[in-house]
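So this first bit is one chain, no partners, the form predicted alone, shown in structure tokens.
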């Protein structure tokens, strides 16, 4: 892939971030725990036991609850977003990937192991509809008006569009092998192709493939910078984070990030923190210099949370 050297903005715009973060929370899927890291010193302060296999997090629309999805335990673990004290448990089947719709009215859960996508009423968590989808519904995103949910079907090399008003399937369309991260962007649907080295670009209305964005091997997850100018593609097999102009998809720079980068989060100093799934670490990447600092955490770290920081296109849009 052509490599263009371009300096990214040193500081993002963080209207929601009133002060420097105090801690970082990392979800360790392989050992059922959460690591709490001191943001300033990068030292691990403590670990919080989970149940069986947590993966992702989401913040409630009112900002009062931080929810961790524990897939094998079939539970949502509701935390205080400041202290991380556990407030309650909610029974939900296989909450692998989960998001609230942009309008805050629905809570959508991709059950990867159970081959289903469940739609709940936000707040009450009453099941409204279950979509049976084969196979391995993985990552989610929505249209801005909350009318449509998109999901990658990792086991069948397809993506699906789900109408959340009529609770019907709009379309199911082919993608490259092992689709993972998915993102609605300017009328298109971007799908990271983990079984290859590119991102598929689909027409969001029809599911037709209209283009490809070259990446490195194992393209897995997609993110947009807080200023919406830069697209980030994490590739787990080649262990890279690649950046692109978010409007033209022209490549900007590719960073080597050993250890299989997965989820990431943007911090107000212009850096990104990324979970490194294969090496039990979190990486802190300086986008200006390419320098990488790592912090040991638990086995198979997946989701990463910083109160007030931004995770665009991953767990919390």
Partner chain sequence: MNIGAPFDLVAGWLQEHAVLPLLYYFGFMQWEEWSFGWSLFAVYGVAQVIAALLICWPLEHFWPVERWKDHKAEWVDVLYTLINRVGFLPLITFVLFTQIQMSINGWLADQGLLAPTLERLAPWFEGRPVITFFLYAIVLDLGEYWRHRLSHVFNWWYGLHSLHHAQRQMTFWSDDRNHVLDEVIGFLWFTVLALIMGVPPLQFPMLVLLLRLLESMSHANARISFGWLGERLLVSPRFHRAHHGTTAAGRVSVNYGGVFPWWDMIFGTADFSPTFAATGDPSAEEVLATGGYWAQQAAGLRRMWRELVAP
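Here the structure is a predicted model, which means the values were calculated and not measured. Numbering follows the first chain given and starts at 1.
Just so you know, the form predicted in complex with the partner chain exists too; it's not on screen, but the next bit is about it.
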Is there any non-hydrogen atom of residue 209 lying within 4.5 Å of the partner chain in the model of the complex? no
Going by a heavy atom distance of 4.5 Å, is residue 171 a contact of the partner chain in the model of the complex? no
Quick one: is residue 218 in contact with the partner chain in the model of the complex, heavy atoms, 4.5 Å cut-off? yes
Would residue 117 count as touching the partner chain in the model of the complex under a 4.5 Å heavy atom rule? no
49, 154 and 260 - do all three of these have some heavy atom no more than 4.5 Å from the partner chain in the model of the complex? yes
Would you point out which of 184-192, 93-101, 144-152, 200-208 contains residues with a non-hydrogen atom within 4.5 Å of the partner chain in the model of the complex? 93-101
Work out which of 36, 279, 66, 285 lies within 4.5 Å of the partner chain in the model of the complex, going by heavy atoms. 279
Though the partner is not shown here, which residues of 121-136 have a heavy atom within 4.5 Å of the partner chain in the model of the complex? 130, 136
